[in-house]
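Just the one chain here, laid out as structure tokens, in the form predicted on its own.
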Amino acid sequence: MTVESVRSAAHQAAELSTPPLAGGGVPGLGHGLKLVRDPLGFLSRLRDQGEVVRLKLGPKTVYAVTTPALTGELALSPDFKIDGPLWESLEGLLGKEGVATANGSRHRRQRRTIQPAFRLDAIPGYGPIMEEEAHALAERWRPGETIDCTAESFRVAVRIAARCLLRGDFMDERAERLSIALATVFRGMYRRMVVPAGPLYRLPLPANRKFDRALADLHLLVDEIVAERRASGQKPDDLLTALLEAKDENGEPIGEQEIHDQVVAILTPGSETVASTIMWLLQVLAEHPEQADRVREEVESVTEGRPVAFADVRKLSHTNNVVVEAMRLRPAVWILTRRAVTETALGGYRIPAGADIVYSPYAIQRDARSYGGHLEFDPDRWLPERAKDVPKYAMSPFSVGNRKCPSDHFSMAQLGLITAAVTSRWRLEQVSESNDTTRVGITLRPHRLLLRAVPR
């Protein structure tokens, strides 16, 4: 790239227009109040105001992208990096040295370390553990019992991640700690993202103290896992061993902080997103018993009465479509941010260097412009003859490009297997004490999902 080309690009960017300012801002707070009170509705309505619109979070300007095509361009362009309000709010949990938040050469090196654990040909090796945990989940329940879906979903998600990737058989009590702490931390981090009132969050208020305790417990849990592995002297062929033996760009062992941040990135966001998706799957199976019946019939046609196995999952096309449709309507990851590393253009608008960009998979995946019956739970929309009509990037639950989630096949395998195992054994019914409205934090999950298990 020549100096002249850089000057030409900068000149072209300078000639571009500024995106429109979204309506509804409040003096001093900007759009932060709307993002606290009704974030999902607010972000879902932004496309009516433009493909790129400006938001104000306090004194700060943030650019919201609202179309599938532009979110794809944003994810693939080298003009943007992982950064911005979301990632800044997550630094207290994820740190700055893990694969989730790193950029550039560090990120590429870290991806090379962890990627072998998630290769497509590596996933069948986790099959026996996934089978055992999926069936253990279904077998724990008793006829007529009211199921606490938050606790159960976290338990199975954390146990699968720990046993497959960290070879840990010690996660029952820690799964409960993780569930409780993550709910508090992710809710607090979302507030800190949309209402950037830094000094107020350091005051000794009850909510701040609760947040600080939960965050400290999460880090303590990770330190316990690493310390126990070191003390054991064992080196099983797993992701934790790979991290403990990893080298940096200079051939030196990576530091303790990077090991810590990497384990956090593996255990906490992955468990949170998978557990949240399991909760929504259980909710839609109860709300749409006709779909649960179709899943059961499909499983029976494949297994002929034996327990569903890992190897069966790829044959369960409708079951997998149920998983994908649940992820479309209720994505665990509903908001993402990037930061412009240079002055650039997006959708015909000028984006200044250092500007923060926000987009919502929730809004993109529920847009009537992309989906007929956009608010209906319709797994058949993912049949090949219909899925081809979905616009590119209108459904990217694991993102795209070099920031695509490395555990996509790992996650889909366990979600399909859990759905099949539970539905084969139980019919789920909603109970009056349940509250399946959406709790908004860094992720989406039901507030308090309680379901009754009825034998089939």
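Keep in mind that what you see is a predicted model, and the values were worked out from it rather than measured. Residue indices: 1-based, along the sequence shown.
Omitted from view is the form predicted together with ligand HEM, to which the following refers.
| message | Please determine whether R338 contacts ligand HEM in the predicted bound form, using a 4.5 Å cut-off between heavy atoms. | response | Yes, contact at 4.5 Å.
| query | At the 4.5 Å heavy atom threshold, is S407 in contact with ligand HEM in the predicted bound form? | reply | Yes, S407 is a contact residue.
| ligand HEM contact in the predicted bound form: Q49, any heavy atom under 4.5 Å | Contact with ligand HEM, no.
| Does T67 make contact with ligand HEM in the predicted bound form, using a 4.5 Å heavy atom cut-off? | Heavy-atom contact with ligand HEM at 4.5 Å: absent for T67.
| message | Within 4.5 Å, heavy atoms only, which of L243, V222, L165, I147 is in contact with ligand HEM in the predicted bound form? | response | So the residue touching ligand HEM in the predicted bound form, by this definition, is L165.
| Which of these residues, L43, V422, L415, L55, gets a heavy atom within 4.5 Å of ligand HEM in the predicted bound form? | Going through each option in turn, the one that passes is L415.
| field | Candidate spot F118, T273 and R403, all three touching ligand HEM in the predicted bound form (heavy atom, 4.5 Å) | value | The answer is yes: all three residues contact the partner (heavy atom, 4.5 Å cut-off).
| message | Based on heavy atom distances of 4.5 Å or less, which listed stretch (394 to 402, 58 to 66, 424 to 432, 26 to 34) is in contact with ligand HEM in the predicted bound form? | response | Partner-contacting stretch among the options: 394 to 402.
| task | Pull the contact list for 258 to 290: residues with a heavy atom within 4.5 Å of ligand HEM in the predicted bound form, in sequence order. | result | Contacting residues: A265, I266, P269, G270, T273, V274, T277.
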